[in-house]
Every structure is written in C-alpha cells, then in structure tokens.
Ligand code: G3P
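Next up is one chain by itself, shown in structure tokens, the form predicted alone.
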Amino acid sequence: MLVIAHRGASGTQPENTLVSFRKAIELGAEMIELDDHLCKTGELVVIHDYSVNRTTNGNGFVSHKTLNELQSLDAGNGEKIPTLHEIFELVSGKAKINIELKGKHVATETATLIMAAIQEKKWKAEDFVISSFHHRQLSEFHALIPDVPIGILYKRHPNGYQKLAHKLNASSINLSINHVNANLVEEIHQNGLQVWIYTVNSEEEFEKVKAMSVDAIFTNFPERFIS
C-alpha cells in the first residue's frame, strides 16, 4: 500500500510548507500531496484553502494577493507559503508529487510548469499525479498532458466515475474514508482502477482500509504507516 504524505508531514509540521515536505521525504514517503492556487501576480502557490486565514497570520483570498504579499506571511513556525516551482526544486528525484488542483484556472498553469520540468529532464510524466474535485479542471489538464496520471477526487459516493475515468484515462478513484466500503473498492478494482483513500491518521482507520485492499492512503502522519 502506497503511503502518501498529505500536505507533507502535516501532522507534525506546518502543512504545505517546505519543512513539511522535507520532513515527509526524510521519513521515507514515496509520494507527497499538495494543493495549488494561482496568486494575483500569476505564480502557482502551494496552500490548501482559498484564503490565507486558517494557515497563516494573514487574512484575505490567495487570488487577491501578490506573491510578495503571500510570502511575507507566516505559514507556521516562521515558514512561508512556497511556490510550486520551489517544491519541484526541493523534491526533485526524491519522491513523486500528487498535485491537487484547488484554485480557479490552475490546470493550464500547472500543466505548463510540469511540461517545463519534463523538458528539462528533471522529471518524468509518471513522477506526477494530478487530482481534483473540480473534474472540468482535470479534463483541461489531461488535454494538455495526457501522459500524467489522473486521480479523480470524490467527496461522497463516486456516481458516474466509470465514464469520467475512461474519458480521462484515470488511474485512481480517490475517496474519503467516511464514504468507502469493501464492495465499492471491489467494484472500482473490477473496473481497472486503483482506490486511494483520504485522510487516514489512526491505526484503526489504517486497519479498516487495509482490510479492503485499497491501493494507497493519504495521511498527515506518514511516520505511523511507513514500514
């Protein structure tokens, strides 16, 4: 079972920061997960929420702030909000990256950055997975770089996933631990897709999904499940 560091080692470090991703890699995570948004000046920045209120000492929407404004904020323990490019530089060759498309209009810019990384021969298409609850953005991304694997995120039961997965040539269906059961996992597997589960933080949750033979978990505490 693949253990994916959710926003890095976010259970012990400020989420979606360089120190969090660095710690996840030190712990042996084969893949990290992050969220990207476009800021006012056009850079892709790594932060989960649409606003900076919860994770920094600032206020306001990410899309309304320049990169300089965002990086002047404290994202926890003195850490800054990183750009996606900075994450690529940090992680290169050490782990794979699952990028969740969060903000508006990020599909094209994310694809552009990944294409540049691949052309520079620092990364391969299979080093990335692109996921999102915004399925239109997944379609936009897939049209630009069809070789990068797609994980389709669902908050509840994944109605209609077969048709969408075929359209996107998706590799996985990514489900909440609150909306998964053994029969659904078996059905998705029978359709040739993997099942990735978010967010698994306790031993009880881990044993539950392990018994269902899921393929990967997202966790804030990779140190608990990496053997």
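Counting begins at 1, following the sequence as shown. Note that the structure is a prediction, hence the values are computed from the model and not measured.
There is also a form predicted in complex with the named molecule; it is not shown, and the following applies to it.
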Q: Report yes if any heavy atom of H189 sits within 4.5 Å of a heavy atom of the named molecule in the model of the complex; otherwise report no.
A: no
(Q) Quick check on H48: any heavy atom within 4.5 Å of the named molecule in the model of the complex? (A) yes
Q. Looking at the partner-bound form in the model of the complex, is L153 within 4.5 Å of the named molecule by any heavy atom?
A. yes
Q.
Within 4.5 Å, heavy atoms only, one stretch in 111-119, 71-79, 140-148, 98-106 touches the named molecule in the model of the complex. Which?
A. 98-106
(Q) Need the contact residues for 23-62: heavy atom within 4.5 Å of the named molecule in the model of the complex, sequence order, or none if there are none. (A) E33, D35, H48
